[in-house]
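In structure tokens, the next block holds one chain alone, the form predicted alone.
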Amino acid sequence: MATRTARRQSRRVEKKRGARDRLVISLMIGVPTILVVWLVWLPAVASVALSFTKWNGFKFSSIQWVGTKNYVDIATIYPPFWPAIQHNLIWLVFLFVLPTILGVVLAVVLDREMWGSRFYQTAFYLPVVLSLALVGFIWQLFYSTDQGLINELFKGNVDWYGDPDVNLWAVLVATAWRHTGYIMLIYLAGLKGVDGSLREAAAVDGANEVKTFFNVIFPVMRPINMIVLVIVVIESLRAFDLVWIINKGRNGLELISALVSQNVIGEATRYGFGSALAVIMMVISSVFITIYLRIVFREDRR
């Protein structure tokens, strides 16, 4: 009799635990799914749908279907679009060449556990925790026309943020100051995970440090290289804060993200036109992300 009672109690406990586990699993899966659908997929689908319409953003009844007219107008009669594409490409190449290479060099140097390496890691990474808007204000101390450090040193009077011939490069230097520390940290983490026996084997074969890095270490970090490539592409496409805080993406600082904001929350309030620009930016980003995922999945299968 006691044994049967114990079994019944055990079954009740197991049922309660099973129900509680199912509830916990449902919440762990359901809540993130709802948030992703609500905050990511619904806005994305809405942007695609609005890109084929004309809407001022006030009344849903004023939405007019225009088909592909927004995309045609963007490519043919919207002057800032092609300069924005060019500037985004320049942004991509610049970030990939200067701050990425500099970040790799800093990671290799700091990986040697030199004296004060912790201090240097913190110092180089510190700009990463700052917003790009704050980075723009900090670099204003260098770029100011009247009291900027650069003009004071070289006795010049260059309007670094206002001159359309130089403001893009000035902004890119400020961006590189922040981006270099980010790349350095990623590669530094990758170098810490490289098997030390690879270095020893290369040293036994008579390879110097440069050959060891390019022929042994760098190929091993191929996943890190792909991550950095995707990060650089995404950073170049979503660059917004710095140019917006300077001149709202005008006068030589046209970027796709700034054009989206100008048409959606600017004076024009053309939600359909701005959504079409956002879809173009999303498609470009998706191409690189898809390539990255294919490479990652291919490596996992191997």
Partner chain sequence: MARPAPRDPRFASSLPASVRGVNRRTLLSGALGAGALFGAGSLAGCGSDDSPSTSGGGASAKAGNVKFGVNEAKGSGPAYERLQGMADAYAKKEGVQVSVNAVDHNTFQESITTYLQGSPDDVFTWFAGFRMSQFAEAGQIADLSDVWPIDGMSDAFKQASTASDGKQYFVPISYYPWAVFYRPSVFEKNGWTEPKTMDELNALMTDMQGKKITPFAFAAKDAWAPMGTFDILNMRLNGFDFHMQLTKGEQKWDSPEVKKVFETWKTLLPYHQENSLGRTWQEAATSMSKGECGMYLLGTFVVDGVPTEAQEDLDFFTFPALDSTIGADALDAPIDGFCVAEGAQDTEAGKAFIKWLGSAEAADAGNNAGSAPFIAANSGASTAKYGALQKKSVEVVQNAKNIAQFLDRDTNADLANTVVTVALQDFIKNPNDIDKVTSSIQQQAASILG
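Here the structure is a predicted model, which means the values were calculated and not measured. Positions refer to the first chain, counted from 1.
Form predicted in complex with its partner chain: not shown, discussed below.
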What stretch, of 155 to 163, 209 to 217, 122 to 130, 191 to 199, brings heavy atoms to within 4.5 Å of its partner chain in the model of the complex? 155 to 163
Since only the chain is shown here, I'm wondering whether Y78 would be in contact with its partner chain in the model of the complex (any heavy atom pair within 4.5 Å). yes
With a 4.5 Å heavy atom cut-off, would you call R270 a contact of its partner chain in the model of the complex? yes
My question is simply whether V233 lines the interface with its partner chain in the model of the complex - judged by any non-hydrogen atom within 4.5 Å. no
Taking heavy atoms and a 4.5 Å cut-off, does N251 contact its partner chain in the model of the complex? yes
Residue by residue through 57 to 81, tell me which have a non-hydrogen atom within 4.5 angstroms of its partner chain in the model of the complex. G57, F58, K59, K69, D73, I77, Y78, P79, P80
